[in-house]
Every structure is written in C-alpha cells, then in structure tokens.
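Before any questions on binding or motion, here is one chain by itself as structure tokens, the form predicted alone.
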Amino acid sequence: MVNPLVRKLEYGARLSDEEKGLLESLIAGAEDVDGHQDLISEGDAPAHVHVVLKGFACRYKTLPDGGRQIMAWLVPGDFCDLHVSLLGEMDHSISTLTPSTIAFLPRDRLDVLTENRPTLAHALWWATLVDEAVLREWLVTMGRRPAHRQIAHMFCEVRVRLGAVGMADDDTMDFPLSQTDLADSAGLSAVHVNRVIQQLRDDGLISWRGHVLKVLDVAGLEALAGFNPNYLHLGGAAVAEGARAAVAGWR
C-alpha cells in the first residue's frame, strides 16, 4: 500500500522513485500514540515535525473557561506543524483525536532534504498552502453556514481527503471521532450536533454506525453543504506544475 504521505504529496509535485524513497526513510520510525494525547502544546518550542500516518489528530486552542476549539482535522498524510518552527513557539496545541500512528521527523534532517531537493520542497510548500486553504474554508463554514450545512460540509471534506490517500472505499470510511469532537470543531453544542446527525440520517444522506461513516447520497450531501472541493487542490501534480511554470514565466 502506498504511504499516505507520499500519496498526498504526489498531488503537489511529480516525485521520482528516489524522492519517494527518501520520504519513506524519513517516516520509518513512526510511533503509535493513544487517542487524546497532546503531540505538542501551546507555548512549546517544536523540535520535530509530526506527520499523521494513521488515525485522526487536530489543531486546537483551549479557552480561558476550559472550552476547546478545534481548528483543523489532521488525517493520514497530513503534516501537523511543517513550518511552525520559524515562529519559535507554538501558538496552538496539536493532539490526537483517536489512537494514531505518528512519524516524528527531525527538523534538521527535513531542512537538509528540502534544500537539496527542490521538487520535494515544492511539494511541502504545496501541502502548507492547502492547509491554509482548508482553514479559510472552515472560517467560511463557521461564519456563514448554518449548523446542518456545517456538519454536512465537514463530512464532504473528510470523504474527499481520506479518499485522496486511499483511506475511503466506495464512500465508506473509518471515522472514529465523537459527536463532542464534531461539536468542538463546529462551535456547536453536543446536543445540537446530535440533532443534526439524526436529521442527516433521516434524510438518507449518511449512515454512521460505530466508527464507520458512509455517505449514502454524495450529490445530496454536497448540495446541502454547498461543497466545492476546489480548495483541496487535488487536481494532481500536472496542474501544480503548470501553475509553477506560469509563476516562473512572470519572473
């Protein structure tokens, strides 16, 4: 099976077999981490870059009253904190949401690799820009979409993101998040989220039993959410290289 990190980065650049091998060697020392464990906390100085290989993690902040706001889901293939060391310390925390497999990449080794491998450097910057695009879409969702459209949009997004790295099969995926996790992601109460989930079930749009989420009506769920996957930039390496060539032409 193709490693999810390699599979994701191939959407951003055409990687050679050697470059794929280098990425594989970087994440060879992955570790299993329990759910709801902080990988790095707000205020810490990051020494490693974390990559999710299995499970779900998140970026979050804790409010003064103890409430939690999740700002991003991190799924297999995602970097948790690729360029945060440039800031010196974390301004948010990163935690696993479920039992996960996490690779801990030494910062200095990654820096050397990208300095000598421009294609890999391009792929990593692509991944960073996609993270920013996802954050923008979440801001729009939380600011302008009502609760049922928020949750529908999150389900549409995770279906596409997991499918892109081979973690969703025929619109069915492992989805071990809790309704509390959804509530903290959408800025809603757990009771409100429960009502929304039940409505989506009643409308025949999803089935969510245990840890298995199945989108029963993809077109219907996307229409409800107003979902357009363009912000995920999964057009492939050819599209990304075309954009890079166009930028180079203006220099």
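Here the structure is a predicted model, which means the values were calculated and not measured. One-based numbering along the sequence shown.
This protein has a second form, the form predicted in complex with the DNA, left out of what is shown; the following refers to that one.
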Within 4.5 Å of the DNA in the predicted bound form, heavy atom basis, the matching stretch of 218-226, 66-74, 48-56, 185-193 is 185-193
From 114, 93, 101, 179: within 4.5 Å of the DNA in the predicted bound form by heavy atoms is 179
Interface check vs the DNA in the predicted bound form: of 168, 147, 130, 156, the one with a heavy atom inside 4.5 Å is 147
Practice item. May I ask you to state whether residue 207 is within 4.5 Å of the DNA in the predicted bound form, using heavy atom distances? Key: no
* **4.5 Å heavy atom contact, residue 198 and the DNA in the predicted bound form** => yes
Of the residues spanning 42-71, the ones with some heavy atom within 4.5 Å of the DNA in the predicted bound form are none
